[in-house]
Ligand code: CP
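Quick setup: one chain, the form predicted alone, written in structure tokens, and binding and motion questions come after.
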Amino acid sequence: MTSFKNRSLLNVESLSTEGIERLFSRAKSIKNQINAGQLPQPTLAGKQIVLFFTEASTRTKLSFQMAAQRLGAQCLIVDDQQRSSLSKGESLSDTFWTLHSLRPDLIIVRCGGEAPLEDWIEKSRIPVINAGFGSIAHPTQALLDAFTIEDIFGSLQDRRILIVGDVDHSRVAHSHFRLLKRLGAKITVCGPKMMTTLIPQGIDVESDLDKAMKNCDVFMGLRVQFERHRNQSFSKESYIKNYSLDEKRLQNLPKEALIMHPGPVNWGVEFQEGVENHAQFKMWDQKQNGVFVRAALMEILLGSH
């Protein structure tokens, strides 16, 4: 895809390398403007954007909302199922098409795997952005992570990305497998066997975290999704012993390597307290960059840039 105008974003596969470069270039411009204390042009003034979130979200929802408002758009948020018609038994599809019939300029959707998101996007007459779909895809998180890495290193070509944790259940990881490889990065995953069974070809698997850390440029932790392991013999204590990033384990990490996490973090599990104090820790940069990348994406999808 070289032109985003009036198009939707379901997954990273729909983006061409040229399109990604264009998106990152625009995000960089917005970042430079805001960091210089300048207000970006209200390129989305008069636009109405609906955030339809049926799953809990803090970072993604507020990031999209702030990005839209930075560019002058109005945001309408539907995220409280108890105060919407969903509490009366209305289906997710009926709610989506009700919102669609109101003719906003863009709908941003975060939903569980039970929602027919692909069908909505295929039939929608207005752009739709996938803001997190079940355990399948989270394209804008992958984009902002890749932007963060590129912004620091200048390129992802041949960068060694180590993804650690609950890989099977991570929609972020599944989007990264496609996006980072496209941009030339080399990916290794590490975690308990029960968490690393759904790995596509071309991705390396390493069970020894201390060994894997010694050769990485980016250490990307993933949230352990305890809610998805209730019926499995998952041992929190074993995970912490073998895969948690702590001060001792940090000694195995190259000095220039980045420490990242899409959030939310289970402190004391994926990361031990104190990790956030290291100069290599870039999670807050990821959050900030999410506003710039999502602002650029909305501009381009709506033909405002």
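Numbers for residues come from their place in the sequence shown, where the first is 1. Bear in mind that the values here come from a model prediction, so they are computed numbers and not experimental data.
A second form of this protein, the form predicted together with ligand CP, is not displayed here; the remarks below concern that form.
With the partner omitted here, the stretch from 193-201, 112-120, 150-158, 133-141 that lies within 4.5 Å of ligand CP by heavy atoms in the predicted bound form is 133-141.
Distance criterion of 4.5 Å from any heavy atom to ligand CP in the predicted bound form singles out 56 from the list 279, 45, 36, 56. Between ligand CP and the residues 274, 254, 263, 40, the one pair within 4.5 Å by heavy atoms in the predicted bound form involves 263. Although the partner is absent here, residue 244 lies well away from ligand CP in the predicted bound form, with no heavy atom inside 4.5 Å.
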